[in-house]
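A lone chain, given as structure tokens: the form predicted alone.
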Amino acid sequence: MLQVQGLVKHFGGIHAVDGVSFDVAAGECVALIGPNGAGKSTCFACIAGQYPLTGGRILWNGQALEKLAPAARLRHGVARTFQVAQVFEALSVLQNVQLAIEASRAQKAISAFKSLDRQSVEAAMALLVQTGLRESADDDVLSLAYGAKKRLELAIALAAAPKLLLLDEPAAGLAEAERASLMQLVKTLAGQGMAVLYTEHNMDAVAGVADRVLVLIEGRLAAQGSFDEISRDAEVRRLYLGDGLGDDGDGVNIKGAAHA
């Protein structure tokens, strides 16, 4: 279980995150949402290891993470992706995943590119099948469509066999059909026992995907619950989702909320 306890992050006099606490259990898919400037990206970066904490604790299965570098967190089973896909464009799709597998096994960077083609081929292909990239295995990453690059980045993250997966806006920049397909894959990963925490702006990547939604507003946790529950929260609607979304009385109009 991921436990975030009283997380605080200040940038000078700016209180970006102010005492946020929540848990994410194994097998649970949790979305972290909120308006621009709410602190969700800062909160996520603190959990992933990009920012040191001003206060609070971050525990993964009882192991304190707050003083560990991202590479050390990866060795404890915590992997992440980025809002803009981070992949090796000079390599093929298959080589990207082979490199990630070899690096996770050696716990260091791999420099022997000439021998890479013979390494971890079966395991890498299995990840490409899982992420829908089997037919693109031999393609140069530079030529990939952006949606495929997002899937490849996910395959790279999965190469370390993580138990906690942190996804920074996994659906950013994707068309509606691509978002739906990728988020179904994310939901499947959680269903297989992985703990998943992701930030997102597109509400159609939250509704029907996240088991629980956390809403950050002005650096604090304003609400949490199912998507239906938070979409009916008066304060969340007023400050983030909006009241004029054209719903039918049963909840938020998802397409409207996506642009909030």
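Everything numeric in this text was worked out from a predicted model, so none of it was measured. Sequential numbering from 1, following the sequence displayed.
The following text describes the form predicted together with a small molecule, which does not appear among the structures shown.
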{"property": "Non-hydrogen atom contact Gly191 with the small molecule in the model of the complex at 4.5 angstroms", "result": "no"}
{"property": "4.5 angstroms heavy atom contact with the small molecule in the model of the complex for Ala38", "result": "yes"}
{"property": "Close approach of Thr42 to the small molecule in the model of the complex, 4.5 Å, heavy atom", "result": "yes"}
{"property": "Partner proximity in the model of the complex: Ala16 to the small molecule, non-hydrogen atom cutoff 4.5 Å", "result": "yes"}
{"property": "Option from 231-239, 28-36, 62-70, 206-214 whose residues, in the model of the complex, bring a heavy atom within 4.5 Å of the small molecule", "result": "28-36"}
